[in-house]
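Just one chain is shown here, as structure tokens, and it is the form predicted on its own.
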């Protein structure tokens, strides 16, 4: 019996450890691995990156090189460790943008330049690091024939955008184009993901699974490129959100509702108030009547 308990406990620990390992693993697309910073890492970018890191990352990762990270499961890696530094700049940027395990995504919290500044700070702890050649990204070609199509891959369950340009009557894929994906909300558009096109002109997005959709779960997606020459926009309506049934404000008791749906405590307070005012008025009238009788008897 004791042996069985030990065996069960060991299997349970193994399952927990395995699940933790898988929850910490993030599949980084090949085109994202080769992504490079759009600017040169300098003492200024490192200093700014340190400030951003301390405000957003230090609470979990601790101070780089000191292994004083938070005691979480899975344990956050030390950014200065060889295990972390072996990642390419593109992999670091992808994980920082899209999150991993318990780590949230920062695509909506930090802009692209700020995320690269964090990476420049992290790289400052690697004495053997040499920054890869800078590529010009995010620029759309200056032709009017460039097009972007937003679609959904059902087999991969991912949203993707394809950018091409017409050359001699043929469509040519455009690589290294930064695309931002938004979800249309009531009061504007919410940025949910960001990616760059690979050699085939395709960018894949990891969209959050907890975004409220309409009554059937559909989301209105908007993809945008940003460049100095031309902005491309493409839209898609896909069933990727959480089914949300709109609430009729008149179905619940509220201040602004009709009398029969007003809050019970408000109705009771109102009735007590009316009765109280009525009693007060009657009391005042009776007192005035007594005063009049006293005056009449005195004369």
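Given the structure is predicted, the values throughout are model-derived calculations rather than measurements. Numbering follows the first chain given and starts at 1.
The same protein also has a form predicted together with a small molecule, omitted here; what follows describes it.
- The small molecule in the model of the complex is approached by residue 83, whose closest heavy atom lies within 4.5 angstroms of it.
- In the model of the complex, the small molecule sits within 4.5 Å of a heavy atom of residue 59.
- The small molecule in the model of the complex comes within 4.5 Å of no heavy atom belonging to residue 147.
- Contact between residue 212 and the small molecule in the model of the complex is not found at the 4.5 Å heavy atom cutoff.
- Only one of 134, 72, 170, 216 comes within 4.5 Å of the small molecule in the model of the complex through a heavy atom, and that residue is 72.
- A heavy atom within 4.5 Å of the small molecule in the model of the complex is found for exactly one of 159, 193, 223, 92: 92.
- With the partner omitted here, the stretch from 114 to 122, 179 to 187, 150 to 158, 193 to 201 that lies within 4.5 Å of the small molecule by heavy atoms in the model of the complex is 114 to 122.
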